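First, one chain by itself: the form predicted on its own, in C-alpha cells.
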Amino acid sequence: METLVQLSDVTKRYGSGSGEPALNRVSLQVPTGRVTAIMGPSGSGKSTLLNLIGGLDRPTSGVVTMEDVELSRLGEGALARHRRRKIGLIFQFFNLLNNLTALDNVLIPAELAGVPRRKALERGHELLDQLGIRQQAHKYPAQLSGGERQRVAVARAIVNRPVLLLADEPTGALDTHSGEQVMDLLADLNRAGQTILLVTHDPRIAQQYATGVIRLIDGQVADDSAGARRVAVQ
C-alpha cells in the first residue's frame, strides 16, 4: 500500500494558543488510490485536518508531507501552486460563484493554473458531459438544483486532474437521492484511480464507500482503519 499523505506528530493551535489545540499530536497516513473517510463529532478537528492536508493552513508543530514533499517548507507561492496542481476541493455548500455560469465555475482552477483557454474549455465540456450536466453549462448556480450544483463543484475540483480530492461533507446540503448520486460519482472517480479524503458525519456513507475510516475525538485520532480494510463499492 503506497502512502500519498502522511502526518507526523501534528498539532494545530489557533489564536493565542492557550486553549486546547484543534489537533493534538496527530499521526496518520492517507493511502494512494483509496477512499478514506474522516469521522468524528462537531469540533473534533475534521475540517482542521482537511485544511492542513490541503495546504490551506499550516501546522503549529509536526510535519505534513504529500508525495514526500513537506508542505510547511513551501513558501506561500509554492504552496499555492501545489494546491492548484495537486489538490481538488469539494465543499458542503458548493462554494460556486453566483455571477458565473456552471462552465465558467468549472474553469476557474484551470485558469488559475495557466491552462490555455481552448484546452480548458475542452476539459470543462468533457467533464460536464461525463457528469450528465452538459446541457446546464451556460446556466447560473441559482438556476440549478442542489445535486446539479454539487456536480458542477465536482467538475471544478477535478478539472486540473488533482492527485488528491478533498471532500468536506459533500452530501450535507443535498437530499438523499442527490447525495447518493454525488457519492456514486465519487466512487466512479475512485475506481478510475482517484485518491479521495472524505469528511462525513454519516456512518452509512463511510460503510458503503470508504476503504478505511479515521475517527477523531477532541483533536486526536481515536481509531484508524485507513488501509486496514477494504469495503466493496456498490
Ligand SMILES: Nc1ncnc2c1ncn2[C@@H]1O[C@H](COP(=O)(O)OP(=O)(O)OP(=O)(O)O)[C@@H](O)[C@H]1O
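One rule holds for the numbers: they count along the sequence shown, beginning at 1. Remember, predicted model here, so these are calculated numbers, not experimental data.
If you look for the form predicted in complex with the ligand, you will not find it shown, but the lines that follow are about it.
Contact with the ligand, judged by heavy atoms within 4.5 Å in the predicted bound form, is confined among 203-211, 185-193, 34-42, 170-178 to 34-42. A heavy atom within 4.5 Å of the ligand in the predicted bound form is found for exactly one of 47, 60, 65, 27: 47. Put simply, residue 10 is far from the ligand in the predicted bound form: not one heavy atom of it is within 4.5 Å. The ligand is not shown here, but in the predicted bound form it comes within 4.5 Å of a heavy atom of residue 22.
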